[in-house]
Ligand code: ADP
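Below you'll find only one chain, the form predicted on its own, shown as structure tokens.
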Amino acid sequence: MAGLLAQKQIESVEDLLLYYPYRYLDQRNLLKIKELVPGQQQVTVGKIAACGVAYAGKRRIFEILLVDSTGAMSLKWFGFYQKQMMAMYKKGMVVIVSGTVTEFRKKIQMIHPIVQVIEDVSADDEVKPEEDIEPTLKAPGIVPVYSQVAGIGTRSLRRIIARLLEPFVSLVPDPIPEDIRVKLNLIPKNEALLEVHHPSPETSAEDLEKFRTPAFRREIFEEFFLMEMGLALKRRSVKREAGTSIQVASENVDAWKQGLPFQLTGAQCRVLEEIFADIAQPHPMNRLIQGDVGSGKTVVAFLTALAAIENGFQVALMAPTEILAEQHYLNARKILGSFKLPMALLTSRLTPDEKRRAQARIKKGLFPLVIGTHALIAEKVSFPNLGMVIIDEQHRFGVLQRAALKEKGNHPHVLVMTATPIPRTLSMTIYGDLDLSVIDELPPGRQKIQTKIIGEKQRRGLYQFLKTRIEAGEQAYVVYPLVEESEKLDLKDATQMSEEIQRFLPEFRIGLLHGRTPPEEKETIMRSFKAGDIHLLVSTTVIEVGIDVPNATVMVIEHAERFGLSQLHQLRGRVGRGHQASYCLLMTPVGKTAPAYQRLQVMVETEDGFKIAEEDLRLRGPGDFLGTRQSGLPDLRIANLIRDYSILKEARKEAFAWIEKDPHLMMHPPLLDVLKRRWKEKLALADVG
């Protein structure tokens, strides 16, 4: 049993009591069978008059005939284990069933209902349809429904939790200090847990459905409070560290700007001022630059690096993929070319000899700028004077990886960049330990990208359009979703796609990139595409690629419905970088009335990354949107960043105020205890306890 529970990270009694129901069966309003209305979610009670395997055409189904004094109905399951079903349900049992009522051949039925056995009557008992069974029934009220644990039945799990509640609930520590509880009118921890697992009969069904009961409000507040407390501690520890002040003279900044091959936007200049004010302080900068695709974050990062290098420090820039690291390296050489800076590219692709030589020169301080992937945090890489760390697409790295790079220096300044537009409402929470800068202006000359949704019937027209654009001297991408379940399928799709396009456009050179393309070949293809030698790039991995090809004007995304909106927005940003009109064509087999089609419509209506992110977050939920595992944010068990945003703001305010009042968390020991046990590793809280 312990092994089965461990699959869901339930390793203690406390974990089990914090395994919250995700919904409830409201069984207070039991209807007679004749009162059931098709199309509604309802609950009834009856006796099993017969059960067993039946056939609907060629399909096997498991069917139960349920009766009460008013009539009979059918319960059906498709795809079942016969032995298990025959063991669970027997003729004569009294059961409560809950589900959506449907009608088939003028008879009432439920498909895959939730069934709770109330009375296990011997199968030999005679079942009389006219018998009124209500006197034998103790109405169970509101029944919690838990997410399934493989190998443990729903009823068993409910029974285990119910059995542990009474003796152990008072032992679960309450991490919320009493004066915060009193001030915000929050019920104590033990009361909240009892109420969450066994709501009282007078609880409003609507409040339960919306997680708005006093018990839920308290548990949601606690989860946010602990998360914000962790972020507040991280922020405080950085502010307390002794850093190195980097002074930047304004005349130097003016000279650097003049040395660039283009003019900075007002937003870029504003963010640079914020950064230079930060690094002048005696403690390390810890700042996030957030900006849409193509807003020019990289240039700002390079100028920040220049400030550190001019002051005698080394700078390390870490990117999530080799291609992105290589792209940064090439950009740095182009943008900072006039400054004649020695720089190194460190990735796992280097030969052992090349790696050793690079590491030796980095150790001697001969490379002031080092750009690389995870290879930067390898044990053998050491910097004599690392003063600044720059991390690109920071949500792709775990907290511990970021900490490992920081440890290569003595409290270096940290600048992180993300092109994933996080809705403004959430930025300060998700990056609560960072100061935030937003580049909210695109460089002049960026073209509006015409976005259209097209179906399979328009494929021939699409190929003709590609032909016209390429004949006009432009280039195009065709992107396939990476089908994670099957790399073979991903490979086959992209390969077939490139062959089909090649047959239609035989006069053009077509490149193919997929998960199995060797790194050397990948780089050759990328360089050829950038140089214009390849006219059209078919790819599954271009989403990883921050390449800047001003001549690319068409982005075709196959099976666009398989991507998140923010991903689609990132892909769209790969075109429209030159002066020609650009197009993003979303191919999808889904019809106009489908929810997936309506979702894609957001892409047609706006190019504002923040609006798209808001919608993506609303539709997909925070877990999928943020990839919380990568971002280092602990998974939230019960709280929801969107639904519970007002509680989140309250929790953040209280957490930061408490840290000011009690910086070492001595005033309420359970708070320190819970933070250490549940959150220390997830938030890399070095100085907790």
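Computed from a predicted structure; not experimentally measured. Residue numbers run from 1 along the displayed sequence.
Form predicted together with this ligand: not shown, discussed below.
In terms of contact with this ligand in the predicted bound form, the residue from 565, 299, 309, 476 that brings a heavy atom within 4.5 Å is 299.
In summary, among the residues 294, 141, 144, 481, the only one with a non-hydrogen atom within 4.5 Å of this ligand in the predicted bound form is 294. Contact with this ligand in the predicted bound form, judged as any non-hydrogen atom within 4.5 angstroms, is confined among 341-349, 285-293, 502-510, 405-413 to 285-293.
Contact annotation for residue 264: at least one heavy atom lies within 4.5 Å of this ligand in the predicted bound form. Although the partner is absent from this view, residue 548 contacts this ligand in the predicted bound form, with a non-hydrogen atom inside 4.5 angstroms. For the chain shown alone, residue 577 is a contact residue for this ligand in the predicted bound form, at least one non-hydrogen atom being within 4.5 angstroms. At the 4.5 Å threshold, heavy atoms of residue 268 reach this ligand in the predicted bound form.
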